[in-house]
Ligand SMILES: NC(=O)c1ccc[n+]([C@@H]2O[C@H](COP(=O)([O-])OP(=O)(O)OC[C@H]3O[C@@H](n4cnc5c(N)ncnc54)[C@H](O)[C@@H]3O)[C@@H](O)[C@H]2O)c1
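First, one chain by itself in structure tokens, the form predicted alone.
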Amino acid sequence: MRVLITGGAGFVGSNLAIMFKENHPDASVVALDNLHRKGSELNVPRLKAKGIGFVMGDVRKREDLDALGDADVLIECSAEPSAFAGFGSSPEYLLDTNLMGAVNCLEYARKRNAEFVFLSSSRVYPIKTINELNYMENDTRFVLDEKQTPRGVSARGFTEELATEGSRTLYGTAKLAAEMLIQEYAEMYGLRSVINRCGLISGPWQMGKVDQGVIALWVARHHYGLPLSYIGFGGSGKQVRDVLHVKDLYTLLEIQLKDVRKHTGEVYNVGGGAERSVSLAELTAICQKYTGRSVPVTSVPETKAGDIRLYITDNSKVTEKTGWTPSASVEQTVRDVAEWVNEHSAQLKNVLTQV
């Protein structure tokens, strides 16, 4: 088997590549990446040490993909990962990478009859719909009320039945457009494909920044003794996300790749679920526990455009179809990230202390 992972030097791509190679030592695994994101270059030695081929290339350039030769499976992890990309600046790189890059990957898979795994995003759901849901508030977090008007929402979180009409950031729009193209390719060309709408993924080797990778950012700021801010929704730190350890994502992909035809045409919400959700205020306490340090946290009440109060994945559909459920708790994920940062503190400092 030959597996191509685009965005293969990124956080998700590099971890998936390494885990795949470890579990399938006879497989040929190739990671393609343009190393655009600062810190991704640190993953290249990790890939090579595991016997994974690294190719410097760009999904925006079809010739870079064509030069790789054939593959049996393409796992599309390449993306500009920030949901706030394009705010106050040109969206060109975002759209060229997240949409046209996906088109180029689809064409690569179509020509070679390769199976196609696409990592989409929970950001395909519209901001206004999410922020106007019925919420309660306790001492540390916002909580979804069981009574909701939109279909696909309950106290357990969000299912695939939540409507996608409305604005959702250009990042989310590019992901949704790519999903639609994948479904068309599946129908028109018989492309065997899987679409996973992932929530917040975390784990070691995530180069967290203010706009993406909040678990790694929070841990790093505590480790290096740098200040943090609760931004938006009153500045209380009560906004909530569910957390999926990258190892649990890999476990799901292994199940799906055993029979991709079974999942072709399906869209799955994939995340940690309500049991693995955390607010920023709760995350602060967990980081203090695993780093042994406290840092100043300021309050910024004003909400940024494009931000959401709460997102929790309801995994009911993917669990029913595959039997998969995540296993790593929020505390385990934070602990794994804290141990990684501590072990590579000097190497990571110039990356993880940047804004």
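Keep in mind that this is a model prediction, so the values were computed, not measured. Start at 1 with the first residue shown and count on from there.
Just so you know, the form predicted together with the named molecule exists too; it's not on screen, but the next bit is about it.
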| property | result |
| --- | --- |
| Close approach of Leu35 to the named molecule in the model of the complex, 4.5 Å, heavy atom | yes |
| In the model of the complex, Tyr171 touching the named molecule (heavy atom, 4.5 Å) | yes |
| Touches the named molecule in the model of the complex: Thr97 (any heavy atom, 4.5 Å) | yes |
| 4.5 angstroms heavy atom contact with the named molecule in the model of the complex for Gly57 | yes |
| Heavy atom of each of Gly7, Val12 and Gln206 within 4.5 Å of the named molecule in the model of the complex | yes |
| Of Cys77, Leu74, Ile182, Val219, the one that lies within 4.5 Å of the named molecule in the model of the complex (heavy atoms) | Cys77 |
| Of Val194, Ile201, Ala102, Leu176, the one that lies within 4.5 Å of the named molecule in the model of the complex (heavy atoms) | Ile201 |
| One stretch from 273-281, 151-159, 116-124, 222-230 that, in the model of the complex, holds residues within 4.5 Å of the named molecule by heavy atom | 116-124 |
